[in-house]
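Listed next as C-alpha cells is one chain, alone, in the form predicted alone.
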C-alpha cells in the first residue's frame, strides 16, 4: 500500500458530539495520528447514545464508534494543572488542534490559540461553534436544532402552510465536519508553503446558511422571501415523493420538460394526462401542482416501487426508490462501493460502520475501530510524550490523568 497522504501529521482532538469527531476520523483514515482527549468525569454525550445490542455502557455506543474510527483516546482532566500540562505537551508534538466546545471554554483550560502557539509556533487550531468565537451571540450554547434555526434552514424546511421543521434528526454537524476537513487541509498546505500556522474560526450556523444559495440569492437579488414548499421545486413539476404499492413504499420522481412528463404519463398508463390543459405545460403543472400530485400519486400507488423505478429509468427519466436504512445497507451498489467496513472493537466486537464515501486508486484508507475511553493513555504518555511511569502515577493521584 502506498503511504497515506496524511502520514506524519498528528492531530490533538479536543472535540465532542458529532462535528469534530467526524472530521478527525476522516483525517485519521487518511493517515493522520489522531489523539482524542476525553474525560470520564464529563464524557462525550454520544458515548451514551445507541447502545450496542441494547446494552448501555460508556464504550458501547454504536453511534460513537461510527464517527470515531481511526483514532486513539487519552483520558485527562483539563481543569487540573497536570491535565492541562499534558495537553500542552501533546499540542507541542502536534500539527493541528480541533475543538468544538462553547466559546471561551478552551481559554478557561488555558488552551486557547495564543497559549498553544507559545508551545508550538506553527500550530494550526480550528474551533467550530454554533455562532463563532466573536460577536454578540458567540457565547450562546447550541446544538443541532439551534444551529438549524439560526441558519435559516428550518424556515425553509416543511410543507406549505406548515410549521418550520428540523431535518428529521439529521444534524448539520456531519457536513460541518466535511467543511472542517477542507479547512484543515487548506491550512496545512499553507503552513507547508509558508511555515506559518493559523487559527480557524468556523461558525456552524453561517456555514449552513451558505448551503442555501437559492433562497439567499433570491433575497439578495430580488427581495423575495422563500417559504416552505415540502418536496416541491419552484420551477419543476412533478418533483417529489410519490407512493407505491404496499405499506410505506415511496419513490422520487422529477421531470424537467414537457416531453419527459409525457413519457411519465405513458409509463403510468395515462398518456392523455399529458395533453390536458391543466398539465400540458410546465407552467400549467406548477399552477395546478396540488391536483397534479394527487393524480400522479393515485397512479404510482398501483405499481411495485422497484418495478416502476426500472420502467421510468428505461425511459431516461429521473426516478429512484426512497430507501429505509435496511434497504440502503442491502443495496448492491452500496455493498460493492466499500463505503461500509467491518471493524473490530475491544468491547462490542466486530461491527459494520460507514466510512469515507469515496475510493482512491492510489491508496486504501486506514480504518480501525473506535477507542474505548482513555484506551491509549499510557501508550501516548510514555511512547509519544516521554512521561515515566512514576510521573504518570503522580498525575493519576493528582487527578490530571484519569
Partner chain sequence: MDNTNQGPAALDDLKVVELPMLDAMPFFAASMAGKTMAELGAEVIKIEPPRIGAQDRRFGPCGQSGPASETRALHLFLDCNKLSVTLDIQQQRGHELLMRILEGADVLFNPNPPALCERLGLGWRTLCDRFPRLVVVSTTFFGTASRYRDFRGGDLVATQMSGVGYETPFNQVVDPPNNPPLKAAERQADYMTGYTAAAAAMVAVEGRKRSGKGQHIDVSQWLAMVSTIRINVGELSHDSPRAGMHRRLFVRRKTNAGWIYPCRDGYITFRSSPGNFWDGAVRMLGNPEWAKEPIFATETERLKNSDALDAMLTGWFMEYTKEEIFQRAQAQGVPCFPVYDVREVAENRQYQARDFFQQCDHPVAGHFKMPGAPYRMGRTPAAVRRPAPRLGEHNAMILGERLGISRAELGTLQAQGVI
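These figures come from a predicted structure and were not determined experimentally. Residue numbers count along the first chain shown, from 1.
Keep in mind the form predicted in complex with the partner chain is missing from the figure; the text below concerns it.
Colleague: Among 98-106, 201-209, 283-291, 77-85, which stretch has residues whose heavy atoms lie within 4.5 Å of the partner chain in the predicted bound form?
Modeller: Of the stretches listed, the one contacting the partner is 201-209.
Colleague: Is there a heavy atom of residue 353 lying 4.5 Å or less from a heavy atom of the partner chain in the predicted bound form?
Modeller: Yes, residue 353 is a contact residue.
Colleague: Is there a non-hydrogen atom of residue 266 within 4.5 angstroms of a non-hydrogen atom of the partner chain in the predicted bound form?
Modeller: Answer no; every heavy atom of residue 266 is more than 4.5 Å from the partner chain in the predicted bound form.
Colleague: Indicate whether residue 233 is a 4.5 Å heavy atom neighbour of the partner chain in the predicted bound form.
Modeller: Contact check for residue 233: yes, within 4.5 Å of the partner chain in the predicted bound form.
Colleague: Check whether residue 218 has any heavy atom within 4.5 Å of a heavy atom of the partner chain in the predicted bound form, and answer yes or no.
Modeller: Yes, residue 218 is a contact residue.
Colleague: Which residue, 89, 226, 120, 72, has a heavy atom that falls within 4.5 Å of the partner chain in the predicted bound form?
Modeller: The option sitting close enough to the partner is 226.
Colleague: Enumerate the residues of 157-192 that have a non-hydrogen atom within 4.5 Å of the partner chain in the predicted bound form, in sequence order, or give none.
Modeller: 157, 158, 159, 163, 164, 165, 166, 167, 168, 169, 170, 171, 174, 175, 178, 179, 181, 182, 183, 185, 186, 187, 188, 189, 190, 192, in sequence order.
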